[in-house]
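Just one chain follows, in the form predicted on its own, and it is written as structure tokens.
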Amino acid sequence: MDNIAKNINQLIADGSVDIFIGYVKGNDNRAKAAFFNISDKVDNAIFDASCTQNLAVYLHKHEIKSFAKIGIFANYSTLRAIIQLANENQIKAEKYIIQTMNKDSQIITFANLTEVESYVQANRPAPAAAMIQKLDSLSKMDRDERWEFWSKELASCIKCYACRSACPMCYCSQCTTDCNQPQWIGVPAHGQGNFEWHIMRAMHLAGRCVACGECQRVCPMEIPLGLLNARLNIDIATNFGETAGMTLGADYALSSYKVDDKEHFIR
């Protein structure tokens, strides 16, 4: 990984970036986010299969936004999230130096978001077989069986909001769950409150989720939250022809209206 360290060092040394967001080794052979602004820490930088965290979650944090020029070493999901955040006017491309590494271990520096768009469209990975199998299994259940499945899964939720904290698309200055006047979502972790929280969050992500799987990865109770978002992603793509984070300038499906929108899914 010497080439990664050398690359980041150069960007810091010549003033191209004020801070660089990347990865270092964490516990249990997992990678974790790292923030570089001085060269003596850069030697620990890595980028490999363990680098699964979506680093775009940090781009809208006020501690990071205060820097004038920001570099980021992005995996595929992070690139998609960057496109979606740009579509939602949450980031300005000129403030960032965006890089990734291709299959030949070559560092790619994107000149603009159009190049990022071309890259994600050309390098879209195959859907995970395990996720497809679980979605197929859920689709074969009747309504009562699905209700029983999710009632059991969501019963273990402790309302820690780790899913919200890890999600690059959860950037509201005040979440609905933090609003007490009026209180839309109950505070206690109980059956109804858990359903209200996860259904509300899934609906807010419908048409915006970039399928990074961070919500499910960080859940301490191992709730398969990715299934909810994956199902909605399929419905949005089928009914509106949109996939989040793949195309610059794409409208958010549930906030736009077209006279020829299909309505057969309304029951």
Partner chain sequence: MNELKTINKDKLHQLFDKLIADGNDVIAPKRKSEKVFFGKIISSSDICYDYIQTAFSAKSSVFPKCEELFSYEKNDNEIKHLDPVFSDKTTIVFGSRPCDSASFDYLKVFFLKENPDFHFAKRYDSTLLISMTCNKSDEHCFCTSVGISPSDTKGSDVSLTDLENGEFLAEIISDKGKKFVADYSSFFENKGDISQKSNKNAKVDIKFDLDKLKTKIKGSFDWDTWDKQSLACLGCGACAFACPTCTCFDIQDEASPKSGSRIRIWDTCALSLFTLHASGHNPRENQAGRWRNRVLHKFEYTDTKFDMVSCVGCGRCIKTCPASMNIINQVISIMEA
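Owing to the predicted nature of the structure, the values given are computational and were not obtained by experimental measurement. Residue numbers count along the first chain shown, from 1.
One more form of this protein, predicted in complex with its partner chain, exists but is not displayed; see below.
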Worksheet item: Do residue 159 and its partner chain come within 4.5 Å of each other in the model of the complex, heavy atoms counted?
Response: yes
Discussion item. At 4.5 Å between heavy atoms, is residue 68 in contact with its partner chain in the model of the complex?
Written reply: no
Worksheet item: Are any of the heavy atoms in residue 233 no more than 4.5 Å from a heavy atom of its partner chain in the model of the complex?
Response: no
Fill in: residue 38 within 4.5 Å of its partner chain in the model of the complex, heavy atoms
yes
Worksheet item: Among 26, 32 and 219, does every residue place a heavy atom within 4.5 Å of its partner chain in the model of the complex?
Response: yes
Discussion item. Counting any non-hydrogen atom inside 4.5 Å, which residue from 139, 89, 183, 123 sits next to its partner chain in the model of the complex?
Written reply: 183
Response to the item:
In this chain shown alone, the residue from 107, 97, 128, 189 with a heavy atom within 4.5 Å of its partner chain in the model of the complex is 189
Worksheet item: Out of 78-86, 129-137, 110-118, 159-167, where are the residues with a heavy atom within 4.5 Å of its partner chain in the model of the complex?
Response: 159-167
Worksheet item: Which residues, if any, of 59-93 lie within 4.5 Å of its partner chain in the model of the complex when only heavy atoms count?
Response: 61, 62, 63, 64
